[in-house]
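We've got the same protein chain twice here, in two forms, each standing alone as C-alpha cells: structure 1 and structure 2.
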Structure 1
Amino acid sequence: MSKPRAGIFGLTGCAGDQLVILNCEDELLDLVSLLDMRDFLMAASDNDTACDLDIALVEGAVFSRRDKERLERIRQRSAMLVAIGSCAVWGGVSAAERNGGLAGLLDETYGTQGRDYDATEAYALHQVVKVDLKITGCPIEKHEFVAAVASLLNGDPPVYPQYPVCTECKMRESNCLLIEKSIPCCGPLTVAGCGARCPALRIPCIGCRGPAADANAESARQMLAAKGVPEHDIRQRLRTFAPTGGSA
C-alpha cells in the first residue's frame, strides 16, 4: 500500500507550527516513514510543487492576494486540507481588530508607500476555501499533531477536547488565578489541549487556542464581573487570537 502524499505549507504567520512539526524529534522518523512528504519548503529545498496531495497541512492566515491564490492552488491539488495553528483556524493576530483598519495600519507602519503593498484584510482559511480538519494552538501542540496524523492514517477523524482550559487546570490541581488573585484569565472560555501550561506557571491564559465549544460563557461572565474584570477586556483578549471565533 502506497504512503499518503503530503505537503506542509505556510502563509502569513510566524512559521511556529511548522517548527513544532520539525521538533517532533522522537516521532519525526516514524512520520517520514509513514508519509510521502512531497512539498515542505521549511524542511527541504527539492520539492514537488505540482503533484496531487492526499493531505495538505497549512499554517498562517490569508493576508494578501498572493496568500489567497496560493491557498486556492493548494486546495485544488489536495484531497484533504488541514488548517494548523490559531492563525489558520481563527485568523490569529493578523486578523485582530485595528483602529483605523488595514489602510490606517499600513500608513502608520510604512507611510504612503504601504498603500502599494499586496496586503488585504486577514482571513482564516475556512473563510476562503473548504477546510477538512482544524488543529488549533499558538503554536499547535506536538501531541495533538502526532495524534491527528495517526488517526488520519487509520482512517479515523481525530478527536480533540471541546472543554475549556479550566478543566485541565483542575486536573493539574492548580490554584485558580481568577478566583484567588482576581487576575483576568481566559481559561474559562478557551479550548483545552495545552495542559493548562500557563496557569500552572501562575501566568493567566490569554486565549491563544481559541474558544471552547463547551464553555459556559454566561457563568464565566458573571464570575469575571464579580472579580471586577470588565467583560470588554476579556473580549479583546480573546479576539487577539480568534477574531473569527464565532464562525469557524
Structure 2
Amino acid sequence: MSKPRAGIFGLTGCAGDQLVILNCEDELLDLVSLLDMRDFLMAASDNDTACDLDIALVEGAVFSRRDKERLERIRQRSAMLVAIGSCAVWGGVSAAERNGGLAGLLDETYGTQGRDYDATEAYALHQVVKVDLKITGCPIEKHEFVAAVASLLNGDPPVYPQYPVCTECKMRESNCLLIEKSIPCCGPLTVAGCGARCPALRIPCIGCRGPAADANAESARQMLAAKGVPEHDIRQRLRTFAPTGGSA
C-alpha cells in the first residue's frame, strides 16, 4: 500500500493543534515515515501546494475571506478533510460573541483603518465545507490524534467517547467541584477525551472540547443559576469554545 499523501494546515488560530502534533515526540518520526507529508507549512519549506491529498488536517477557524478561499482549495484537493481542534470543529474562543459585533470590534481595535482589513464573521469548518472527521479539543489530545492516524492508516475512522467529562472525572475518582464546592464546572456538558484533567487539579472544566452528544444545556443552566452563578457568566462560560455548538 502506498503511503497516504497528507497535509497539515492552519487557518486562523493559535497553532496549538499543530504544536500538539509536533509534541508527539515519541511518535513523530514514525508519523512522518508512515505518511507522505506533502504540505506542512509550519514545519517544512518544500511544500507541494497543489498536489492531491488523501488526508488534510486543518486547524483553526475561518475568520477572513483568505481563510475561506484556502479552506475551499484544501477541500478540493483532499479526499478526506479532518478538522482538528475546537476552532476548526466549533469555531473556538475567537468566534464567541464575535458574530454580529464584528464592525464594532474592528473599529475598537484598529480604529478606522480596521474596516479595510480582511476580517469576516467566524465559521467552523463544517459551516464552509464538508468535514469528514472531527478531532476536538483546545488543543487536541495527543493520544486522540495518534489514535486517529493509526485508525485512518487502517482505513477506519477513530472511535472517540461521546459522553461528558463527568464520567472520566469519576473514572479518576476526583472530587466533584460542582457538587462539593458549587464551582461552576462544565464537565456535565463537555465531551470527554481529556481524562478530566482539570477537575483532577481541582479546577473546573471550562468546556474547551465543546459539547458532548446530547448535552442538556437547559438543565445545566438551571442548575448553575440555582447555585447563584449569574446568567451572564453561565452563558459566556458555556459558549466560550463552542459558539457554533448549539446551532450546528
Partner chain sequence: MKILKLPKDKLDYFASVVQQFGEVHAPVEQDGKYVFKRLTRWSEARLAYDRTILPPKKYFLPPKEPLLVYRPGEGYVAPAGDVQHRLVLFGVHACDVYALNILDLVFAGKYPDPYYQARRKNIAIIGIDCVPDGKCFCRSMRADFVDHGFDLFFCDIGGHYLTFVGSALGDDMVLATETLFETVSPADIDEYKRRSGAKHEAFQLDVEIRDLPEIFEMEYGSAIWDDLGAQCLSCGSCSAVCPTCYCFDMNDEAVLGSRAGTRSRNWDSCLFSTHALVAGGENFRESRSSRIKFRFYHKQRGFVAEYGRPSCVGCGRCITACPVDIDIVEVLAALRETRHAATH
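Structure 1 provides the reference sequence; residues are numbered from 1 along it. Basically, rigid core = biggest C-alpha set you can superpose within 1.5 Å across the two forms. A quick note: this is a predicted structure, and the numbers were derived from the prediction, not measured.
Structure number of the form predicted alone
The form predicted alone is shown as structure 1.
Is it true that V229 shifts between structures 1 and 2 by 2 Å or more at the Cα, once the core is aligned?
Passes the 2 Å threshold, so yes.
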